[in-house]
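Heads up, the chain shows up twice below as structure tokens, two forms, tagged structure 1 and structure 2.
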Structure 1
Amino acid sequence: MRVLAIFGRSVAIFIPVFFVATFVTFALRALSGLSPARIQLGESATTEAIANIESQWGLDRPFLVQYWDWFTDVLHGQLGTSWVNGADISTLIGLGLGVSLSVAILALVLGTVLGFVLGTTAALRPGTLLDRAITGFVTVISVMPAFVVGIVLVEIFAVGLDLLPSGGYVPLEEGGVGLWLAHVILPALALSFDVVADVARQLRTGLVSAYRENYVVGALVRGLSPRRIFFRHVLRNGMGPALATLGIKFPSLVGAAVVTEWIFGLQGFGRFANDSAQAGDVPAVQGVLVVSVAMVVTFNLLINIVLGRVTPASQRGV
């Protein structure tokens, strides 16, 4: 019942957010002044030709009517048709999103595992040389751009050691786990550095603060073992900020990896978004924004449920 209550509260917040975000997204076409006629006919198109093309696309109807038709199509998974090539946008996004999700999920897993290990280790030895070394390390990797890390990884593992391919992508169902992992591990590592740094810093801060609480002193007085104190009390109370960080990081991993995808030759979601924006393909850009909003809303909903289930403060409604 507690999880259902958290789910209900989160949905009540995220539905209006999604509705407003889609409205703003659709309004971008009117604000941009772009038209499919300009793309198909060029700048020398006549007024009559432009009006005919826009009528074919339904752009001569009232704005709210256009928005409602588009929004109902979005709810059915239909994101429209590309102005550039007439292809179905849902299909185009699906092709690139599969690549980006493979890299983003692996980057998130690597970043979370390494971040939790480093953050926990630093929190268990606060003020020591090990703590300062970990803090310095995560500070350094937090300021390293993903494209620089990607180039270095290619030079080391693909060019120098010839252990991994330098680019390309092989779907999991075609090449199996080994070949798929060989193609996504380098871009995932390049993207995971920022996740490692943020998770480690947030977790260390949360755990150190939790160790200073009175309930930890009380648990020590009652004779509980350090292991039980850590897993039963400290970790559950101190991991909230680190989990909340993941809610922000995952969507950015999917959508903000344009440069990384260029380095590794990946036709991913970010690259599709960049190409669509440069071509002036407004329906494709709108589709990208809608999918991005949906991912942000969905992943944050999952994070809220996990927080409500794991952290005691959330269970008490704090």
Structure 2
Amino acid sequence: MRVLAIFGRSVAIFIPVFFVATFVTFALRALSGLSPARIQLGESATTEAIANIESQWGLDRPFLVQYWDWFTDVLHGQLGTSWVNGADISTLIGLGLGVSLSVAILALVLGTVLGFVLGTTAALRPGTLLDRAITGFVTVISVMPAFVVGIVLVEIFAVGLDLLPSGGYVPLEEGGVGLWLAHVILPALALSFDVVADVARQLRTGLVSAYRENYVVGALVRGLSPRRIFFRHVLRNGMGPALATLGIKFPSLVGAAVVTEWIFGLQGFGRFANDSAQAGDVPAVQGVLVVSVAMVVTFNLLINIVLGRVTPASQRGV
């Protein structure tokens, strides 16, 4: 019941988001003034030839009609065809999605686990040297942009120690876990620093303030052990902000894929977006953006449901 209510409310928030996002995305073509004709015919094409090609692509129809057609196709998973080579964009993105998702999910897992360990360790010993050391470390990694981390990691593990490959990708089903991990661990680590910093910080603040709440005293007085109080009462209430941060952070995680995939030579959808954008292949760019928005929306839906389960009280009226 409650889960359904939360789900309903979240969907109600995200439907307009999806609408606006796709609209903005689609408006990019009109705003850019780019046309498949320029790509296919070059600069010296006659206006007739251009008009001919544009009508082939349906670009001579009213803007809203085009949008609606495109939008309904998107809902069916059809992202159109590339202006450059006529290939199916859904297929092209699908090819890169495995790499990108591998890296993003691993980064998320690494970031959450490391952030959790650092945040709770600091929160359980507030004010100590350890707490300050962790806070300092977190401050340092929070100001390192993903590409700086990426370069540092390449320096240490690929160039310096020669332990891991500096780039490329081997899918899980081809090379097994070891080879797959060797290729995605560095980019994932590069992406995860931002998540580590945010999760650690939010968790520390959340836990420290949760420990000041009266229900901790209540649980103590009822004779529950510190361990139990931490896991069942404090953690549950203190992890709300950290979870919410994960939802907020996810878009920049997806976005930063552009940079890490470039550093590590991965053919993911970030690289695809960059290449397509440079080539002026508008439908391909639109496709990537829609997929990224869909990923963000789905992830935030999940986060909202988890948040609603974990801290039902704080979710009321939000």
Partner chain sequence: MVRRVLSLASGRLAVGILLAIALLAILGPLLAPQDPLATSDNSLTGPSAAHWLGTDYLGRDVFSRLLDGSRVSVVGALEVTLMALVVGAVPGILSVYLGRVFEWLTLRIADTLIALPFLLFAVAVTALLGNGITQAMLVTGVLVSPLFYRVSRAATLAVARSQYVEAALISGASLGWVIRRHVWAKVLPPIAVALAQTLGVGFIIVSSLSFLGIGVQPPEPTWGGLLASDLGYLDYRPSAPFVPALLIMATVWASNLLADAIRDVSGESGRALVNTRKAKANQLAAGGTA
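The model shown is predicted, which means the values in this text are computed figures rather than measured ones. Structure 1 provides the reference sequence; residues are numbered from 1 along it. C-alpha atoms forming the largest set that superposes within 1.5 Å between two forms make up the rigid core.
Here the chain coming from the form predicted together with the partner chain is structure 2, while structure 1 comes from the other form. Residue 248 shows a C-alpha shift of 2 Å or greater between structures 1 and 2 [criterion: core-superposed Cα displacement of 2 Å]. Taking 2 Å as the criterion, residue 223 counts as shifted between structures 1 and 2: its C-alpha moves by at least this amount when the rigid core is aligned.
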